[in-house]
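Only one chain comes next, encoded as C-alpha cells, the form predicted alone.
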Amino acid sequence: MIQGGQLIGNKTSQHGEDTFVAYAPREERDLPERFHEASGKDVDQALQLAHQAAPTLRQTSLEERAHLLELIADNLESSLPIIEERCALETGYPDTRVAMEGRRMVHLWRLFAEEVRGGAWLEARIDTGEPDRFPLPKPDLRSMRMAIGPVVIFGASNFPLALSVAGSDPISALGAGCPVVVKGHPSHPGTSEWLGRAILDGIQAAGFPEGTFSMLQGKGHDVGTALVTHPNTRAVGFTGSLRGGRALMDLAAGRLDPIPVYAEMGSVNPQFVYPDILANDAEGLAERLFASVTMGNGQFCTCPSIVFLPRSKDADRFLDTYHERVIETPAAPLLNTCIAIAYRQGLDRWETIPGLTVRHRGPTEEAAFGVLDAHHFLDQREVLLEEVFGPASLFVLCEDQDEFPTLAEAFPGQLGASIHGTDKDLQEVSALLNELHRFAGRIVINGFPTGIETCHAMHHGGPYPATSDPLHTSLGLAALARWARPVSFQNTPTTLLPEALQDENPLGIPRLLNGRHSASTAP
C-alpha cells in the first residue's frame, strides 16, 4: 500500500498538512492516493539524521559500500513488477520503455558497485618524502578523494527510474560514502515511494546507520528551498530545466557557506548534416532523426532539436520524409500538465518568429517541426536557442556547409552535438569540429546524442547553460567525483592514513606513485 508520507531514516512521517495527488497522463485522470507535502520539520529531521550518519559512512570500506549498492540492486530487481506498473501509470510511458529503464536502473547499481570496489575513482596519489633533499627537504604528501557529507538530490521528471530516487545521482553519492536526501518528483510520487522503500530495506539489511537515506515529497518550491539552504547540506544534484537549476544555484550561492550545485539543465544539441550523406541517405537519416527526437516523446535532455542542412533537392527529400513520419505518428502524452503547457507555449513562440515556417503542428502533444534559413536563425538565435521540451525539431537551411562553423559560433554550452557525413564529408569538418570543442560536452559522429552509455569515458555535461559545472558529469562512472573532495595528508604516520594511502596498498587499488601509475606498494 502506498502511504503517501516521507521516508525519513527508518520511519514514515506525515507531518505536512498540505497534500497533492499524482496524475495518469494516458488515462487523463487524477490518481486516488494523497501525498503529504514535506514540512520544515521533516526536512530538518532528515538532514539532522544525515549529518549524524555522515562520519560513519565516510569511514565505511569500499567493500561495504559496494555490498550496499548490490543489496539495493537486488531489492529493486525483486520489486520491479510493482514499481514498473506504477511508473507506467504515472508517466504515460509505454510499458516497454518503462521496462527498459527499470533494467537500466538495476544495472546502474551493480555497475557502480564494481567501480566503487575497484577504488580507481579515489584518485589516490602518493609523493614520498625526501628528507635529505637540498636546499629544502621534500615532505611526504598523499591525497585521495573523501566523502563530502550529506547530499540533496532532486529527482528528474523524464527518467523516473534511472535519474530519480534510485538513479545515478543517489547511487554515486551513496557509493562515494555520502548520506542522501532525495526529493521525489511530484509527477511520479508513488513510484518514488516504492523506490525509496526498496533502498531503505537494502540499507537496513547492510547495517548502515539510520539517516543514510531519506526521501521527501513535495509539489511546491518550499521543500526544495529548505533542502538547499539547510546548514547540513554539503552539495546538491539536479536534473531539469534551466529555470529550476538556476534557482537552486542562486539559493546555494546565497548561503553563508556556498555549496556546489551539480545541475544538468538540458540543451538543444545541434546536428550538422553534410551534403554527401544527404545525397546518399536522405530518407534513412530522416527516419533515424525522427526516432531519436521522439524517443521518450522528445522529453530527453539530449534530444536533437536543431538540425542544419545545406539547401538542395536532397535536403527537400530529407524534410519530406521527416514530414511523413510526423504526420503518420500518433501523439503520445507528455509527462505532466506543466510540460504540456510549456511545449505548446514554445511552439506558439516559434510561430511569431520572422522567417520561420512551422510545417507541422498537431492540436495537442504531437511532434512538430519548423523550417527557416540561416540568416533568420542568426537574427533570432536568442529565442531559438531556448529549449522547446518535447518532440519538436527546427531545421535550418544553409547555402552550403561552409556556413556551419559560423553558425556553431552562436551556441552556448550544450550537452551534445553531432556531425553527419560520409568519409568524403568528414574530410571537411575540422573547422566545425574545433568550434564544437568549445561548447559541447559530447561530440557524436554519425549518430544522435540520445542513448547514453554508462561507462568510464562518458561525459554528460557541458558549459553553462547546459550544466552548472562543465568539469563534472551526471552520468557515467566519473559521476562519483562530484561527491568526494580531494584531501591531502602531509607527513602523516601510516597508522593515521586511510588504507588507500598506506605504503602496503592493502586495498590493491591503482594509485599515482611518485608520478607513475601503479598498484604496487610505496617504496
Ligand code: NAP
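Note that the structure is predicted; figures quoted are calculated from it, not measured. In case it trips you up, residue 1 is the first one in the sequence shown, and so on.
The protein also exists as the form predicted in complex with the named molecule; that form is not presented, and the subsequent description refers to it.
Interface residue remark: residue 168 is not counted as part of the site for the named molecule in the predicted bound form, having no heavy atom within 4.5 Å.
Contact check for residue 65: every heavy atom lies farther than 4.5 Å from the named molecule in the predicted bound form. Using a 4.5 angstroms limit between non-hydrogen atoms, residue 240 touches the named molecule in the predicted bound form. Among residues of the shown chain, residue 218 is one whose heavy atoms approach the named molecule to within 4.5 Å in the predicted bound form. Although the partner is absent from the chain shown here, 247, 265 and 389 each have a heavy atom within 4.5 Å of the named molecule in the predicted bound form. Put simply, of 422, 380, 225, 321 only one has a heavy atom within 4.5 Å of the named molecule in the predicted bound form, and it is 225. In terms of contact with the named molecule in the predicted bound form, the residue from 157, 75, 418, 305 that brings a heavy atom within 4.5 Å is 157. Comment: 232 to 240 is the region of 372 to 380, 172 to 180, 323 to 331, 232 to 240 lying near the named molecule in the predicted bound form, near meaning a non-hydrogen atom within 4.5 Å. If you take 331 to 346 and check each residue for a heavy atom within 4.5 Å of the named molecule in the predicted bound form, you get just 339.
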